[in-house]
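Read the single chain below, which is given as structure tokens and is the form predicted on its own.
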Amino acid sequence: MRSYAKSIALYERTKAHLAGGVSSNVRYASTPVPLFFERGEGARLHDVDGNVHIDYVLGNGPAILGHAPKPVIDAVARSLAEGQVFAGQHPRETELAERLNRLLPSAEVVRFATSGTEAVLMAMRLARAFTGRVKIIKCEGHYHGWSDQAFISTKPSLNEAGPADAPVPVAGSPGMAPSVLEDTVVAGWNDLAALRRAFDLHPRQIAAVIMEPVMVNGGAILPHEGYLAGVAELCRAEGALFICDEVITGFRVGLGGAQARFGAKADLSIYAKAVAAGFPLALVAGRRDVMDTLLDRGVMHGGTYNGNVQSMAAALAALDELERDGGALYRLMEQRGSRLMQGLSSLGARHKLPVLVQGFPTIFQTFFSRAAPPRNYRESMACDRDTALAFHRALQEEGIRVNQRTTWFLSAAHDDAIIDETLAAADRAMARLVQH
């Protein structure tokens, strides 16, 4: 058994001075306590107890090039002597905006922010200002940050969620203003009929529909064929905007994100995480006429750290690597991730475990279920979460780090040797499950 004595001691010490002992509640989901890490190198993390982990969490997705990628670190190091924040513009912002306009299907113009939560709030405000409407439809099981306006029906219990054909908005946290629920309409995902019903119940009141193009936070579930295009068409017909939250899928499933993969185009899109390979950067990209409300109608968006020098330098360097040789890194990641997915499926069959593996090669999830692969939040909730958690713990003991949902993020640093090592460890972890 691995020792975590130093992490446990540091956690107890930290709780005396840092609220809850962590800087994000998401970090509670670690065993035996939130672990403390000293450094990351490529595909590996080193914790304070000397344990080495092959990391498939990757900071919850940003580290698309692995930890401390040299081209990005070098670019940021060169930028440090130039300053950090100016309360003014600098040329890297222009260069990055031009590149993003070229790469992203929905980007006529962009605006930079620092976190995905901020960018979601900006997109919602833009939609309400542009349409003159208030209500926003969001999909059950989708995560759009922790703000009052967005943290609704993200992970509701099925007792609270109401009937599948008419979900009830459920606040995700104590302390949220009850009034935000009045402005939010919840619909089941991957179901155009459900979306039409939501519009019909609130005629000419819907400002926007917001969704993840792939339900990553609910299980790396892909949209049905034509679903995203159908959402865009329905929004146009109803005079609402389509907001695509590509915080996770953007720059992870390809340079053009999920919209390029599925041939869809949103009115507004949100990106973060992988765009700067681990440095804090988010953005809203979208139609010029909608984005121009920031200037023409005085829609407020601010932020001291927006467009800071180091994040701009990191993003430009990351895009240099991701675009190199016509996106060769993506082809490598697709090959290696596909081999990992297929290997995990084969191991499940060998150990007679009901393992489902679904998603993209660069981000996928392992479920335990004898039913068909889940298509939405409620079906994902029906999978065996206790076995998934046991698998997470068994993998950790074998030196493989995934989150407690058993979501796997792949990076360019996960080479063939690391995939081999991972599959050997997963074989041992599944054997543990069978034995217990």
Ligand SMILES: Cc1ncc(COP(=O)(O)O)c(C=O)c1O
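Note that residue numbering follows the sequence shown and begins at 1. All figures in this text were calculated on a predicted structure; none of them were measured in a lab.
Missing here is the form predicted in complex with this ligand; even so, the following discussion is about that form.
Undergrad: I need to confirm a contact call. Of L195, M312, V247, L268, which residue comes within 4.5 Å of this ligand in the predicted bound form, counting heavy atoms only?
TA: In short, V247.
Undergrad: Which of these residues, S153, N308, N217, Q259, gets a heavy atom within 4.5 Å of this ligand in the predicted bound form?
TA: Residue within 4.5 Å of the partner: N217.
Undergrad: Consider Y143 of the chain shown here, and say whether it contacts this ligand in the predicted bound form, taking contact as heavy atoms within 4.5 Å.
TA: Output for Y143 is yes: heavy atoms within 4.5 Å of this ligand.
Undergrad: My question is simply whether T117 lines the interface with this ligand in the predicted bound form - judged by any non-hydrogen atom within 4.5 Å.
TA: So T117 counts as contacting this ligand.
Undergrad: Answer yes if any heavy atom of R252 is within 4.5 Å of a heavy atom of this ligand in the predicted bound form; otherwise answer no.
TA: R252: no, not in contact with this ligand in the predicted bound form.
Undergrad: Determine whether any heavy atom of K273 comes within 4.5 Å of a heavy atom of this ligand in the predicted bound form, and answer yes or no.
TA: Answer yes; at least one heavy atom of K273 falls within 4.5 Å of this ligand in the predicted bound form.
Undergrad: Pick from 143-151, 220-228, 79-87, 324-332: which stretch has a heavy atom within 4.5 Å of this ligand in the predicted bound form?
TA: Among the listed stretches, the partner-contacting one is 143-151.
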